[in-house]
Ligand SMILES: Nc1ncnc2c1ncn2[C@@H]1O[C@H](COP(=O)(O)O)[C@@H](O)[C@H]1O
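As structure tokens, one chain now follows by itself in the form predicted on its own.
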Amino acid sequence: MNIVVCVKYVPDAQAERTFNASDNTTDRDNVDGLLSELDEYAVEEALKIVEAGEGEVTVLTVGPAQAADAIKKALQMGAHKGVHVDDDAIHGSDAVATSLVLAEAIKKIGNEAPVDLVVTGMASTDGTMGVVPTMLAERLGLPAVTFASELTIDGGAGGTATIHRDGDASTQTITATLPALVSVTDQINEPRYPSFKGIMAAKKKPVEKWALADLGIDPSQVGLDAAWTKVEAFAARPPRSQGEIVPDEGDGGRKLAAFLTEHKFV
């Protein structure tokens, strides 16, 4: 099977994240980044499918130069090759434009060998929207089988993809014919840690770098000017003020009750 996994390079959630003052977009240059945690589950699931049969996993990302680190991590985990779409015109793109770039890149990958399965995470850890997988499936003309907590491939290429989708009151079982797009949740597996052997092997794996011109995309279709939504303004969260300390001199209960009553908690 020929599997493409879409991954994203995101700012570290533990770092101090902010926006660029020049255009109100997320600052990705002055903060450490990494492969989105939710995308690690997608990479792991693709590797499990290939290891159970045969095939190849291609990792695809769209982003600035630093986004190459996301591909690097996936290659260290075991993916076979990577594709990095990097073009200055992409800066500020929304989900609509991002799905366009991903779709055209997947079509180009498929020119070499038909893509049987596209796997994504359920969302990115920076935007947390979760709409790109469905948009991407629509552009590719593929069935979208989303939020999979379990995935089974039957018959290999040309077969079927069956998922379990867990809800609050039930679990749905959904089957689609391949080729298809599947987004996975963080319940589906336990992503592996790159081994020393995998880290060394990743250095020799091919990574292609494409620009918008390679995909036949007009720059006017992407970027901040083409975005359907924009951040108009932002402000840093004010620092937390120190709470009031009430000494208990035998009347602590009354003071607590008075505080709760004053703030209408009781």
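Quick caveat: nothing in here was measured; it's all calculated off a predicted structure. Numbers follow the displayed sequence, beginning with 1.
A second form of this protein, the form predicted together with this ligand, is not displayed here; the remarks below concern that form.
Peer 1: Report yes if any heavy atom of residue 161 sits within 4.5 Å of a heavy atom of this ligand in the model of the complex; otherwise report no.
Peer 2: Although this ligand is absent here, residue 161 would stay clear of it in the model of the complex, with no heavy atoms inside 4.5 Å.
Peer 1: Hey, in the model of the complex, is residue 180 touching this ligand, heavy atoms inside 4.5 Å?
Peer 2: Outside the cut-off, so no.
Peer 1: Is there any non-hydrogen atom of residue 58 lying within 4.5 Å of this ligand in the model of the complex?
Peer 2: Judged by the heavy-atom cut-off of 4.5 Å, residue 58 is well away from this ligand in the model of the complex.
Peer 1: Any chance residue 39 has a heavy atom within 4.5 Å of this ligand in the model of the complex?
Peer 2: Residue 39 belongs to the contact set for this ligand.
Peer 1: Check each of 97, 123, 105, 140 and return the one that places a heavy atom within 4.5 angstroms of this ligand in the model of the complex.
Peer 2: Looking at 97, 123, 105, 140 one by one, just 123 meets the 4.5 Å heavy-atom criterion.
Peer 1: By the heavy atom within 4.5 Å rule, which residue out of 132, 115, 144, 153 makes contact with this ligand in the model of the complex?
Peer 2: Selected option: 132.
Peer 1: Please name which of the stretches 46 to 54, 61 to 69, 231 to 239, 196 to 204 has residues with heavy atoms lying within 4.5 Å of this ligand in the model of the complex.
Peer 2: Checking each option against the 4.5 Å cut-off leaves 61 to 69.
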